[in-house]
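One chain comes next, on its own, written out as structure tokens in the form predicted alone.
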Amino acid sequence: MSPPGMRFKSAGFAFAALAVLFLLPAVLPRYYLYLLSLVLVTGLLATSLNLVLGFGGIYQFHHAVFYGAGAYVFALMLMKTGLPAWLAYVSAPAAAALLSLLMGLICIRLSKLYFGMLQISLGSLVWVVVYRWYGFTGGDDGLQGIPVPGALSSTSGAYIFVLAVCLLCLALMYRIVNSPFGRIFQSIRDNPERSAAIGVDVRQHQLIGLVLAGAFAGVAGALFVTVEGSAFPEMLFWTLSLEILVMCLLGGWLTFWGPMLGAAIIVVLRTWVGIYTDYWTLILGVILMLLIYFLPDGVLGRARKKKTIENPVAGAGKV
């Protein structure tokens, strides 16, 4: 356990970092605020995947379908109903959680790669419906000009809102991971047979984890629409799921903050690469190959392992 002085110092640093983040709209140009908003949204999405992948050991290979479902439900409610915007923000994670529950009930009897492959198949069916239903979802054109609330229509307003919601969601996920449920969830990841032998309902815990991860992905989808003002079928496509997976692996999929770091690296790199070439998928494949060979634990995972080797007592803390 950390000494009181160290905890006080960490709390002071966290408070200062939060103050800086909320004050950035006063000093940063709009483009950088927009980029930071994308980093936050994508980081929330990657962390929601890691909730079941890194901490639950569930091979969730098509997480993007819940992200896209949340985005489309949010966008359609704003465009086609006269309901309040807050209800759309609530409905997005609820719809994504429901979709995650339905797909989980179908896939949960399978394990590891078989779970992931069946999930990709089911997610692709959802993508086809969105891609082809021109009269409702806009088909391959997507939905444009979504009327987000006036206070969030500016770049700075959207950034502050995204930052506040992301911090709340990250705090909730951190609490979940370190709760009794989270400890049981991690024990299932490490040894599902032993967990079942001591009376843990493995499938029930896995379903709850899937629903929670789907709900947080739905929040990320609604926040993306808030920032971009549009939704498109590629948000539900399996290649985006691969990209989210790479973010988790790059940052460190066995750490809580690793996916946020991986998302920041990938979003910035994708923006920079897009200036020079359209072959981002090729670059992503190269990154994945290099990760597997040279950094299998990710950036923060490698740092934690090095810290543990140098100082076993200090390295036992959270990264």
Partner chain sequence: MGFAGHVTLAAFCQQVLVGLSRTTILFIVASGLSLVLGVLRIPNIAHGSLYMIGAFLTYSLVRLGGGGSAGFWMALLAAPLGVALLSFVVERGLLCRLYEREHLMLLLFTFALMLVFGDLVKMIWGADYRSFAEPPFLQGSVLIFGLPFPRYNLFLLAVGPLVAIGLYLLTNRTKIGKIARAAAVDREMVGAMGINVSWVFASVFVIGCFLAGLGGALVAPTQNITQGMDHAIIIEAFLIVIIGGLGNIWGALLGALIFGLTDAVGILIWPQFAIVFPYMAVVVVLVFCPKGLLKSIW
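Positions refer to the first chain, counted from 1. Since the structure is predicted, the reported quantities are computational estimates derived from the model, not experimental observations.
The protein also exists as the form predicted together with the partner chain; that form is not presented, and the subsequent description refers to it.
Checking Met79, Leu152, Ala85, Leu118 for any heavy atom within 4.5 Å of the partner chain in the predicted complex turns up a single hit: Leu118.
This chain is displayed without the partner chain, yet in the predicted complex the stretch 125-133 from 217-225, 160-168, 125-133, 90-98 comes within 4.5 Å of it by heavy atoms.
At least one heavy atom of Pro296 is located within 4.5 Å of the partner chain in the predicted complex.
Taking non-hydrogen atoms only, Ile106 approaches the partner chain to within 4.5 angstroms in the predicted complex. In the predicted complex, the partner chain lies within 4.5 Å of some heavy atom of Leu53. Of the heavy atoms in Ala75, none are within 4.5 Å of the partner chain in the predicted complex. Residues of 41-76 lying near the partner chain in the predicted complex, listed in sequence order, are Leu53, Tyr59, Phe61, the criterion being any heavy atom within 4.5 Å.
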